[in-house]
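Only one chain is given next, in structure tokens, and it is the form predicted alone.
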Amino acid sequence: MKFSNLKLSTPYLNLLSIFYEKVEPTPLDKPFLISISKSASQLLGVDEDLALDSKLLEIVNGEQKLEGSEPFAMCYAGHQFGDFTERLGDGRVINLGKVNGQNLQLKGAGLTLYSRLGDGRAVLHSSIREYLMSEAMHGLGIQTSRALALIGSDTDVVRDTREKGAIVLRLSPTWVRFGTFEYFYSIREYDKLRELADYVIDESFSYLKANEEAEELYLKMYAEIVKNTARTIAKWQSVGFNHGVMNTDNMSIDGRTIDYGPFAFLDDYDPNFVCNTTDTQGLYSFRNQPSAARWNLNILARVLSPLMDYELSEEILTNTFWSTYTQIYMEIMYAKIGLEIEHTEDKELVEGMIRTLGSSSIDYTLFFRKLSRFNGDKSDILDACVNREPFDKWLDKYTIRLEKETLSIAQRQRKMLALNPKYVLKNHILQEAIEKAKKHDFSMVNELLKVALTPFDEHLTLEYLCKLAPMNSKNMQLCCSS
């Protein structure tokens, strides 16, 4: 099956027109293909080489339509850094339709009803970041939207400076957000709220459908949203990922990671790190991400209160979120340090390790990769620390704990190397790729795509992509990009 032969459906357009605006993409000038993800294309049932599809570029640029496509933008609201905005919507995203369980979107495809004062465009640097990060999170085993193709152009887009426009074709099983529900709650269109909930259950939680009362079904849906969100945040924390913009309009209703703006992976471990310069209060600091997710879930419970008992939903949130988050996070962390048989002291061992990471000045990702090859010799890890003493003591405790395991050293190392990535997309490396791309050299973008999709592998010719951040680039902040 060729990509250009796909046939789309548009089930979202079966909802009333208040849910969306039909809109045609505005093509970019002199478009050109930068990168494609064959991995993402497999989700659509595409088995022919994307690079050989002569119509791909025109479809991503909005010049041609896939069969069945009826482009539209979705309406939603959202809490942004704690403040509610009643009407947001897809300001620079245009939906194409759905195939094989995936909803296709063009990000940067032009003005919509919801663009407000914007231009509906996305610039090259932010498009590169979103494209690569969507695939990198998948490579790390974290639920995420995906990105199939990235194109550039000769279209000028004015931000702080004049930049070139780009478009990302991205995919997700759903693009409904917490904020989609907030919109209809805020305008007191409770019948539309119910209609949306029924759509979401059909699209994302059809396995819940049975003969129970509607309210029971909505409560079950909410419980799944809570669990999925907690699971994703636990995975973020385990790999040192800071999303940066956890507004309710950026929270997917099925719990996956979406909307990659000023994100970052930790360099040296700093729980108070805030990657977004806009977040002056640190609402979405690395440490605060679990609490921010719970706050957003509480907002969603209030929004769904016309459909279900709010006290029961609060009980679900109270009983489910932190227990799910803690269980998943600790299971991952035990596995990351090679523990298979749980002992009572293991929780303190992990917590002590986290404290030690904060006081030793060692790169978070590098530490776990080096620990994956630990054989009793502490020197390789200690040599990577600015402050050696804390880990010198922790590794003594860790060595004693490993004596209680039954796996051989080789078996443990093999399992740990499959869990602790060698490659994560650090911002200083992404910036290097962006600077090259501005000069029409996209080789590094495609090299980063390769390691993004296979982050646990050894890529001997691409070692430079895991180099540590220079001192002046460690845990650097970014502004909200567009």
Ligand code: AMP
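For every residue, the number given is its place in the sequence shown, counted from 1. All of these numbers come straight from a predicted model, not from anything done at the bench.
Another form, the form predicted in complex with ligand AMP, is not on view; read the next lines as being about it.
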Worksheet item: When you measure heavy atoms, are D47, N100 and P173 every one within 4.5 angstroms of ligand AMP in the model of the complex?
Response: no
Item to complete: Could you tell me which of 398 to 406, 321 to 329, 338 to 346, 87 to 95 sits within 4.5 Å of ligand AMP in the model of the complex, going by non-hydrogen atoms?
Response: 87 to 95
Worksheet item: Does ligand AMP come within 4.5 Å of any heavy atom of Y76 in the model of the complex?
Response: yes
Worksheet item: Any of the heavy atoms of G358 lying within 4.5 Å of ligand AMP in the model of the complex?
Response: no
Worksheet item: Is the gap between P71 and ligand AMP in the model of the complex 4.5 Å or less for some heavy atom pair?
Response: no
Practice prompt. Tell me, yes or no, whether E135 is in contact with ligand AMP in the model of the complex, where a contact means a heavy atom of each within 4.5 Å.
Written response: no
Item to complete: Identify which of D254, D279, E203, D119 has a heavy atom within 4.5 Å of ligand AMP in the model of the complex; exactly one of them does.
Response: D119
Discussion item. To verify the annotation, which of these, R159, K393, R373, R302, has a non-hydrogen atom within 4.5 Å of ligand AMP in the model of the complex?
Written reply: R159
Practice prompt. Would you give me the residues of 226 to 253 that have any heavy atom within 4.5 Å of ligand AMP in the model of the complex, in order from first to last?
Written response: D249, N250
